[in-house]
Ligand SMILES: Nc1ncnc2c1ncn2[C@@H]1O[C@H](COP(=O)(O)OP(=O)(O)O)[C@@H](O)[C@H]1O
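Shown here is one chain on its own, the form predicted alone, set out as structure tokens.
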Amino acid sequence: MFQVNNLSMIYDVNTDSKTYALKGIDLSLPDKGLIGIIGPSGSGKSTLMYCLSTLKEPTEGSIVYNDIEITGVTGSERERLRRREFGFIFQKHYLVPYMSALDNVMVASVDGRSDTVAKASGLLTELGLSEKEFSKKPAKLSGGQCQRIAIARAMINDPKVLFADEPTASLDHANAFNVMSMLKKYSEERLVIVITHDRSILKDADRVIEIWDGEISK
């Protein structure tokens, strides 16, 4: 699904003190499975995710996704990929404050299907929210509940690739385990990429990629 060749992200590129966030990354990723990308803060793991998902443009190298060179596509094509094929879970939930939990999930739906309410409700239930919490706004919910709503929102369109940047950072142990179980199940048919510094949540990963100082550890 992804073929990455000689990928670099360089800051201060026109100065003598270049900073490499990524340096010469070569990587192949399949069309399904749970892939963990792990490394300390500042190692480049999140930058790699942003490049794969078209949120950042690399300085050098290429990324091919399903036979499409995505480092060279137009802005509208990037937007289509992000809405139709990619799903995102970030450390911060970025929920719409004036919308209910259920509406925050449904607002991301791109097809307007008649079963969207049922699907959104099912995802929230599977993630441990009760029906009475569906109508609550983010300010009335805990940080962990808001993060689970954001996870449901990321899954509402059945994306082919789910990018998760520290998805369990705000969750207690039980809910973190539940979320990772859901992501593992989802990865049976789709590709799930989890960025983390916590190796314990990757115990069921199909592959773990370690990054140090912008390079994949051999």
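Because the structure is predicted, anything quoted here is derived from the model rather than measured. Each residue number is its position in the shown sequence, starting from 1.
What follows is about the form predicted together with this ligand, which we do not show.
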query: Ser43: touches this ligand in the predicted bound form, heavy atom cutoff 4.5 angstroms; finding: yes
query: Non-hydrogen atom contact Lys184 with this ligand in the predicted bound form at 4.5 angstroms; finding: no
query: Contact flag, Thr19 vs this ligand in the predicted bound form, heavy atom cut 4.5 Å; finding: yes
query: Partner contact for Arg190 in the predicted bound form: this ligand, 4.5 angstroms, heavy atom; finding: no
query: Stretch in contact, per heavy atom within 4.5 angstroms of this ligand in the predicted bound form, of 45-53, 62-70, 148-156, 170-178; finding: 45-53
